[in-house]
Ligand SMILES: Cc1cc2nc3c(=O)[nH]c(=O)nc-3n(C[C@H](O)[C@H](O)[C@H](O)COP(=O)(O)OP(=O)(O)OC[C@H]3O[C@@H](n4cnc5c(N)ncnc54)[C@H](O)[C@@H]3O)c2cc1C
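Given next, in structure tokens, is a single chain: the form predicted alone.
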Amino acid sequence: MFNIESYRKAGSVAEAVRLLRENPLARLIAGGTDVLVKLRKNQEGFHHLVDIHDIAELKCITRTADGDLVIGAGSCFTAVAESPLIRRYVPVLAQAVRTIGGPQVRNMATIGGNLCNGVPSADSAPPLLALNAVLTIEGGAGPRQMPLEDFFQGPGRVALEQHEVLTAISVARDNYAGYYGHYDKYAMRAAMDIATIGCAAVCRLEDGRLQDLRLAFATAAPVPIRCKATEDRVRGRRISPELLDDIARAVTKDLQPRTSWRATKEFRLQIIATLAHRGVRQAILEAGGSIA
């Protein structure tokens, strides 16, 4: 039996914020795929819940008149993976979330919950980082926006106050138009397992050159992370096998994987190099490029 001391169901974001303010011990529950596991383990800090699962405004996936994509934080992974807008404009995100859990988990778990958990292995984080996603957060005094890369503060820690609700994830048109990507994941099992390493590569080509590259990883540092030094190093270079080899070498210097029971640091670094090489190569091919 779950040890739930209080439970309130919110009908709107404004009501959820109010309920959180009224009870400083309260935590949000949406899909429940993580919170219920913590409750089952009787973990402290999850005995007072505010349920936001049925708030319709958190489940919309839309495209604005300016072409920006807006993903409601309460959208489950199945909705994200099957959205015609996501599949058309940012298929790398659909590709990534399809690797999460099994169908039952994807039908319940939400993209906002995956980010708010702050775990380094979040599969939705690398493609969103590579797309320069921006978060919209509501705390009662009007929405505030924050780049996703500023949101992660450490393992299990994010820049979200107790009374705040993540409402949406946005990707500006300039950050996906003309870009092509690929997500690859190495795990101990082929399905229903968290990433030992996850890698998202997003690129834009011009005249046979890598005009722009964005590389982001999961489980390669204390937080999901972009490889800015490698991106700067290769931007504008002509596409070649040597370029891919250089990326694979350089990317390991941007990251801080650790040894755990899942994999040693040295093994993770080897996987990082392999996934970077493979991911960038596939992104280039998706963009219509060729590698001599």
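What you see is a predicted model; the values in this text were computed from it and never measured. Throughout, we count residues from 1 along the sequence that is shown.
Quick note: we don't show the form predicted together with the ligand, though the next part is all about it.
Under a 4.5 Å heavy atom criterion, is E149 part of the interface with the ligand in the model of the complex?
Contact with the ligand, no.
Would you please decide whether T33 lies within 4.5 angstroms of the ligand in the model of the complex, comparing each non-hydrogen atom pair?
T33 belongs to the contact set for the ligand.
Quick one: does K185 come within 4.5 Å of the ligand in the model of the complex, counting heavy atoms only?
Because a heavy atom of K185 falls inside 4.5 Å of the ligand in the model of the complex, the answer is yes.
Should G181 be classed as touching the ligand in the model of the complex when contacts are defined as heavy atoms within 4.5 Å?
No - in the model of the complex, heavy atoms of G181 and the ligand never come within 4.5 Å of each other.
Check all three, L28, I100 and N114, heavy atom within 4.5 Å of the ligand in the model of the complex
Per the other structure, all of L28, I100 and N114 touch the ligand.
Name the single residue among L213, L129, A109, V80 that comes within 4.5 Å of the ligand in the model of the complex, judging by heavy atoms.
Looking at L213, L129, A109, V80 one by one, just A109 meets the 4.5 Å heavy-atom criterion.
Exactly one of V92, V171, L135, A122 has a non-hydrogen atom within 4.5 Å of the ligand in the model of the complex; which residue is it?
Exactly one listed residue reaches within 4.5 Å, namely A122.
Heavy atoms within 4.5 Å of the ligand in the model of the complex: which stretch among 84-92, 140-148, 198-206, 161-169?
Result for this chain: 161-169.
Residues from 191-205 in contact with the ligand (non-hydrogen atom within 4.5 Å) in the model of the complex:
The stretch touches the partner through M192, D193, I194.
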